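As a starting point, one isolated chain is supplied in structure tokens, in the form predicted alone.
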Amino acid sequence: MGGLFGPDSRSPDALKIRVPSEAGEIFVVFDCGGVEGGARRWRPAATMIVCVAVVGQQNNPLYLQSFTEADDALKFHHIVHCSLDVVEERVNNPKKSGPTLNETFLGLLYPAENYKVYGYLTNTKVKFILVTTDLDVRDADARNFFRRFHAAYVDAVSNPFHVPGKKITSKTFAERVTNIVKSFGSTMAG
């Protein structure tokens, strides 16, 4: 059963609620949307990105980072792996699914349980996967996220010590991804 954690430490007008899931617990932060009729209106604070992944040309995982407090990497590996079939279908049948061959943003790939999965395909056939908890992510926000994520990826693989096709282990890349994820949540809250 979910539990109320009370005011969030980041803001006195925020409320943190624990929600159990199959893989552990997810914490949902609500923020006060104002006072109406003497009562506070609460709304979800922001879109929560729960996972980002980079998948290589041969569908090998190059990078996967989870942003939940639970140890659910295996669950997100499964979600990312399942999304590869949808990416292949969209790339091989562009007329049926919408985006043109020159379009790198694949949009919403599929909803999964409590998540929505978005995709992006680079010119070199590397795939970026984004998993969120929000039901209403705007395409413009997802595109902006992938544009920034792609720039961070290009910087990471441009490192002369990075071996192409191998897992990305750069701490700088991980920090940039975390910052991009944090800024995505804050831009959506407004």
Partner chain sequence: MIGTPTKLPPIQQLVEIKTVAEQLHFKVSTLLLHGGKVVEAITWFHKHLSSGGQLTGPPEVAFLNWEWLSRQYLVFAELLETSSAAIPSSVSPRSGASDISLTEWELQPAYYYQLSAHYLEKKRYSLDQSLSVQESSEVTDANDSTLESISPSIFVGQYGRLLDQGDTFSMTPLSDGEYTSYALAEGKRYQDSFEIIALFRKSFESFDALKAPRMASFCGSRMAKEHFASGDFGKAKQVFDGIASIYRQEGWVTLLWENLGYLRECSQKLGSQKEFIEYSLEMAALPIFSNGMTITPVDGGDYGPAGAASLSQREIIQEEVFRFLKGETISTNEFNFLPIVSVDQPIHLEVDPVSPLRAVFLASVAFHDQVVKPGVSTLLTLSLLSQLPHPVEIGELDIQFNQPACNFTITGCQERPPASKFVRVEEGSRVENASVLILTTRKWLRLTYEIPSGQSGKLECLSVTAKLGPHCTICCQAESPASMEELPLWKFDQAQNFPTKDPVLSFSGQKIIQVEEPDPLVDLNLNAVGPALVGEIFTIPVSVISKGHAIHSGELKINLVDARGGGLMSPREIEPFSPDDHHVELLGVSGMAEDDEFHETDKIRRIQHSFGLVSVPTLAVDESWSCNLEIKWHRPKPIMLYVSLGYCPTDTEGASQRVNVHRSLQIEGKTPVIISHRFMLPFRCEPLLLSNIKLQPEADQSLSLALKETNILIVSCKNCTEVPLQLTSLSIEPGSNEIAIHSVQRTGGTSTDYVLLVPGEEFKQVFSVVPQCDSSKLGIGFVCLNVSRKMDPDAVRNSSFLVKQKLPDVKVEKPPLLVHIECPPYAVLGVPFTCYVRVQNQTSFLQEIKYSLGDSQSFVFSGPHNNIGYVLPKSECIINYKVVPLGSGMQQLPLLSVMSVRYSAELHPSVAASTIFVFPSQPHFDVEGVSNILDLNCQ
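On a predicted model such as this, the values are computed, not experimentally measured, just so you know. Residue numbers count along the first chain shown, from 1.
Form predicted together with the partner chain: not shown, discussed below.
Not displayed here, the partner chain is approached by Q58 to within 4.5 Å at the level of heavy atoms in the model of the complex. The partner chain in the model of the complex comes within 4.5 Å of a heavy atom belonging to L64. When contacts are judged by a 4.5 Å heavy atom cut-off, N179 does not count as touching the partner chain in the model of the complex. Interface residue remark: V163 is counted as part of the site for the partner chain in the model of the complex, having a heavy atom within 4.5 Å. At a distance of at most 4.5 angstroms from the partner chain in the model of the complex, all three residues D71, D85 and L106 contribute at least one non-hydrogen atom.
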